[in-house]
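Just the one chain here, laid out as structure tokens, in the form predicted alone.
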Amino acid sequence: MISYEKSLQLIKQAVADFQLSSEVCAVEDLSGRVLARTIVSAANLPGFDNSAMDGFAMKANAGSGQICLPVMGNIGAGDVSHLKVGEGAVQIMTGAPVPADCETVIPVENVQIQAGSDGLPAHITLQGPVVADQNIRRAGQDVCKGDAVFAAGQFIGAEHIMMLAALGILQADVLAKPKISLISTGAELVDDASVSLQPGQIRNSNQPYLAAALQNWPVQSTQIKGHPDDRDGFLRLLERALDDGAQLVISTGAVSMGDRDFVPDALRAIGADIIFHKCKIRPGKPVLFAVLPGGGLFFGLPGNPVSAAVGFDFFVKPALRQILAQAEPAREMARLVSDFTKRAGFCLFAKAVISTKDNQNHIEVLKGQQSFRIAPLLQANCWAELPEDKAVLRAGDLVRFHRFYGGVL
């Protein structure tokens, strides 16, 4: 049985050989995808000098006192103007191109306007000095042509779409979505919520949980139907998943030491390389990780629901982040609110609540840590990672915690 730290090292080594292909994706479909290549801007943003507000464009003037200028015309957003302003001024709207011989824009509320017979501004009066480079958005001030806008590995959200659309980028190369198959073992499982349970039967909660947990990741997941209770039945489902192109398989149940815990033997039978089986953690000690003969990755998670959740968060997620070129979340620490006793020799991932007071994180380990209990998981907003080498932790001790991020990477 290995430590959690060692298990992560072994997963990292195995995942290093896992390669995703890339594909071209239209910008309107990019949200939630991961860039395969760096995007370099082919244009300046803004593309031209333009006004940041409604006002009057003019040259700078170092003189103090009252300044009176003739208004040479009007430029609106979208206009193409070749006005020569000279020593005058031009009325300008927000977003309109600033004439080449203008050096600044004065807000409309800072000038007095004298209208002509046509009702349009003919002259303006303002108080000097007029400082250069006010209220002008310069070409390339946001992004310069040739800038690397987003690096490979960037997870694309709405704000990234805004930038790509502003730059006129129609498509980008993204990592292909890894294909993941989900298998639940155990003849006692029932999928159909409308069916009344018979004695000894339970609802299948792990497969829907894993499918939901993967929903906002850039992956393609499939729930394989059927709940095998022996080696041959399991191998048939595994073969079906691989025939469907699965690159990762996540199964729940049948990884412990009972007579019907057939997953390890089934994997050996097909020549899979079991990287580790059992880890010094709770819940989820029987967790298994293997590399399948074709190079796919296999995660065997225990069947108790909280054990499956821990297995997903602390084994599957790190592998997916590495595959998808994503960084691990920042390390966070908090002080325990109360004393807590656990078994030494195991790292405990405990359901907990994190709060902040006086700029310091405080963490409360909840009651109901048994791996079959889902209700306390609903009260929690994080996992407390309680170290392997300690049996007694005191109030005020610093411990690491992991926030619940839902489907977010």
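What you are looking at is a predicted structure, and each value in this text was computed from that prediction instead of being measured. Note that residue numbering follows the sequence shown and begins at 1.
From this point on, the text means the form predicted together with a small molecule, which you will not see here.
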> Only one of 102-110, 299-307, 151-159, 81-89 gets a heavy atom within 4.5 Å of the small molecule in the predicted bound form; which is it?
Replying inline: 299-307
> Of the options Ser256, Ser221, Asn135, Gln322, which one has a non-hydrogen atom that comes within 4.5 Å of the small molecule in the predicted bound form?
Replying inline: Ser256
> Of Asn216, Gln127, Ser205, Gln141, which residue is found within 4.5 angstroms of the small molecule in the predicted bound form when only non-hydrogen atoms are counted?
Replying inline: Ser205
>> Ser181 versus the small molecule, in the predicted bound form: is there a non-hydrogen atom within 4.5 Å?
In response: no
>> Contact with the small molecule in the predicted bound form for Gln247, defined as at least one heavy atom pair within 4.5 Å: yes or no?
In response: no
> Would Leu189 show up as a contact with the small molecule in the predicted bound form if we use heavy atoms at 4.5 Å?
Replying inline: yes
>> Taking the small molecule as it sits in the predicted bound form, is Asp261 near enough to touch it, meaning that at least one heavy atom pair lies within 4.5 angstroms?
In response: yes
